[in-house]
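First, one chain by itself: the form predicted alone, in structure tokens.
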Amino acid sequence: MAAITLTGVGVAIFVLLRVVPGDPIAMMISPGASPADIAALRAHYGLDAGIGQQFVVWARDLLRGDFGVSISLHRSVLELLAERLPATLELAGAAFVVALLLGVSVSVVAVLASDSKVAPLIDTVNGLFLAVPDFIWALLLVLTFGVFAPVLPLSGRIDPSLDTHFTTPFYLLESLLTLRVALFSDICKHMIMPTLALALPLAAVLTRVLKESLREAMVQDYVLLARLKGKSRLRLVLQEALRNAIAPALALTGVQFTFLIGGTVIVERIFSYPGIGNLAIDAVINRDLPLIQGLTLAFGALFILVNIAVDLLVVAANPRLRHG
């Protein structure tokens, strides 16, 4: 099903890009270009043939691992993806970890304080965080920590004045493993605002779902039995209820993580973060067909892989599904 889905994504984006208005060649040529120059450039990128023939050529090259050459950047699409994708994966991964920590922590606090006056306040604040989209959080963070209290860098992935020689495009992971403390600290500073912008709405969603699951679990027989054995309310939540309430949150997390990756498009643009989200906007603006096609397939593959991983995690977390 994953292969069929990815094939459908490829066919859909290929056809849509060729029926929408706009000519990528017209955006490349100089005002004084001759019709012969335009025809030669169109033939060079294979845009002079029919849609069917173009698709056959594109699919054949794709099966060989050739994603084509970017019209606007004049570089291999596969090289651009390999260069930019790790930055987006690190940003999305960091946002996911922060959202998970915040979501679980707030859910546990909300359940522990369910009988107090703090509970309505937690629900109100969580609803506010749920209502504000990631790009609004990005703008608020820019104004707060970039303008009014300029303590964090506004753009980029790393300070260019530092020694940025890396052997892999995974800057955060490599700097951590090689103990390059100055680089790791600078990369983290550049990631704080985009990470929070992506994590806060996701944390609010996880909090709402996990909190309700925990409340349902707290009235189950196995929790009541543990309470009779003298366990504290905190231990009941962490040791008994959380383990059984996490499965619905895991399933939701997979869906939301795919939205989180999609949300990097606007957030990366706001912070000039060099990931595939920022690259996607440039590709659309420049009507770069090969690059848009490659980016769409990359996003589609990420969504499919994340959903497969979440399905496996849900089965691993639920013994009944595993034994079934």
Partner chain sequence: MVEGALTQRTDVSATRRRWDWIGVCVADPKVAVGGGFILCLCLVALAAPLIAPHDPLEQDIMLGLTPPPGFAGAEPGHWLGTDDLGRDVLSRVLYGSRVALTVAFAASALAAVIGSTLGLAAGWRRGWVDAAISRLVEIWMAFPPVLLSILLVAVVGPGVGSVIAAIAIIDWTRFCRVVRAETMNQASADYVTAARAVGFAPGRILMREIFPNVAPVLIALISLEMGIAVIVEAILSFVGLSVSSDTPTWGGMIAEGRQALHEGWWILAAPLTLLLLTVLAFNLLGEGLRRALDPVMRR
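The shown structure was predicted, so the numbers you read here are calculated from the model rather than taken from an experiment. Residue numbers count along the first chain shown, from 1.
Only in words, not in the display: the form predicted in complex with its partner chain, which the text now covers.
Q: Looking at 283-291, 35-43, 65-73, 51-59, which stretch has residues with any non-hydrogen atom within 4.5 Å of its partner chain in the predicted complex?
A: Contact criterion met by 283-291 only.
Q: Does any part of Phe257 reach within 4.5 Å of its partner chain in the predicted complex? Heavy atoms only, please.
A: It does not: once its partner chain is placed as it appears in the predicted complex, Phe257 has no heavy atom within 4.5 Å of it.
Q: So in the predicted complex, is its partner chain close enough to Phe135 to count as touching (4.5 Å, heavy atoms)?
A: Within the cut-off, so yes.
Q: Can you tell me if Leu250 lies within 4.5 angstroms of its partner chain in the predicted complex, counting non-hydrogen atoms only?
A: Heavy-atom contact with its partner chain at 4.5 Å: absent for Leu250.
Q: Is it the case that Gly146, even though its partner is missing from this view, gets within 4.5 Å of its partner chain in the predicted complex, heavy atoms only?
A: Yes.
Q: Kindly confirm or deny that Leu100, Ile122 and Ile192 each have some heavy atom within 4.5 angstroms of its partner chain in the predicted complex.
A: Contact check failed for every one of Leu100, Ile122 and Ile192.
Q: Taking its partner chain in the predicted complex as the reference, which of Val151, Leu128, Leu177, Leu162 has a non-hydrogen atom within 4.5 Å?
A: The option sitting close enough to the partner is Leu128.
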